[in-house]
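Below: one protein chain in two forms, given as structure tokens, structure 1 then structure 2.
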Structure 1
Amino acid sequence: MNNDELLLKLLECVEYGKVNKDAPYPPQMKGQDGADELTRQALAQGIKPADILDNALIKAMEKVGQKYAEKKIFVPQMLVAAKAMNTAMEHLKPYFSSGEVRKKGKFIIGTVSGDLHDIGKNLVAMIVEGAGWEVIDLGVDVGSQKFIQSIANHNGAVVGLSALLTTTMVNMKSIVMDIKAKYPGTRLIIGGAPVNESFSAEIGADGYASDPQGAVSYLNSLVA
């Protein structure tokens, strides 16, 4: 395979969630090389890591996001695609630390204090990571201090807050205030079933999204 063919094949693997050769999914690609093997091959063939990232992986996830928005695929297919993406990313790791390639940015996410609901937050974390962001997941029951500490360690990171209870969504307000007081430039996006756009504006957050794809669009708009 020449370089272009290889990148195209890799793009297809990520788009359809073909993780590696042994992976049974998707059935129509059974027995074929997956994102794992093809990324290794691409590097061995001398394709630049930045090309692999930009021309195969990111493009694939853009297609996935598009298809999800058009309701042609659903959350499970997005998660398998994100897994294929992350498998490929593992091989690019050395180039990230050397600075040769960069992720789009950093995203700190956590479920706010008092709340233990984390499945929505986990979904957002996985899909944002799959879209090429470095994700720092602080877990559940996270208060202002922990967020602030993490921002100190990850300069310029965007912060995402999640809440599922009407009793804990109010904690978002003080967390947003505390973060903005200490790091006024920090961008904050909130989400979770009980919150909405107007609540986000009311508490001084910068954005709201109802689902992971919305979070990706918001984040990408910041670096566009």
Structure 2
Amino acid sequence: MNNDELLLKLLECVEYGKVNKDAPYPPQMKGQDGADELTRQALAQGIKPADILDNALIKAMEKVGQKYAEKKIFVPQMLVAAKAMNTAMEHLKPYFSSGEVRKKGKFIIGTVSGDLHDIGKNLVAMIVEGAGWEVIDLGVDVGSQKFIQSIANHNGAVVGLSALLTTTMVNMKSIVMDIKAKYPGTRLIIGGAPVNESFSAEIGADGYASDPQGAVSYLNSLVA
């Protein structure tokens, strides 16, 4: 395969969740090379890591995020696509640390204090990473101080707050207030089943996303 064909094939593997040659999913790609083999092959062929990221991985996850937003695919399909993307990313990480490939920015995300749900947060983290951002995932039950400490360690990062319960979404307000008091220039975006745009404005957040692709669109608007 030439470079363009190889990148297109890698894009398809990530989009449909073909992790490696041994992976049985998706059935129509059984026995074919997956994201693992094709990324290694692309690097061996001399394709620049930045081109692999921009022209295969990011484009694939944009498609996945859009299909999810349009309810053409659901959580299981997103998870296998994210697994394929993460498999490919493992081969690119040395180039990130060397500075050869630059990320768009840093994104700190966590489920707010009192809330132990992480599926929505994890999906957002995966899609955002696939869109070319460095993700710092603080996990679940995260309070103001942990967010503030992470902001101190990652200057200029955008912060994402997630909540699944109406009883824990109220904790977003105090976290937003605490972060804004310490780091007033920090951009904050919120998401989760019980929250909406009006609640985001009410608590002083800078943005709201109803799905992972919405979070990516917001983040990309900050660096456009």
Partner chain sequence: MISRENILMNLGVPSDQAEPYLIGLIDELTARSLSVCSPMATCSVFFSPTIDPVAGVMAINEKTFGLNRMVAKAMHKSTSIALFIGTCGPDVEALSKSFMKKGEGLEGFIVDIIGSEIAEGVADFIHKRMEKLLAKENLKVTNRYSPGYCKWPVNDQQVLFELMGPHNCGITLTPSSLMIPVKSVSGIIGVGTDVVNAGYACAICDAEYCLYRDKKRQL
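Note that the coordinates shown come from a computational prediction; the quantities given were computed from them, not determined experimentally. All residue numbers here follow the sequence of structure 1, with the first residue given the number 1. For clarity, a rigid core is taken as the largest C-alpha set superposing within 1.5 Å between two forms.
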{"property": "Of structures 1 and 2, the one that is the form predicted alone", "result": "2"}
{"property": "Whole-degree rotation of one rigid part against the other between structures 1 and 2", "result": "8"}
{"property": "Rigid-core-superposed Cα shift at Gly214 between structures 1 and 2, Å", "result": "2.4"}
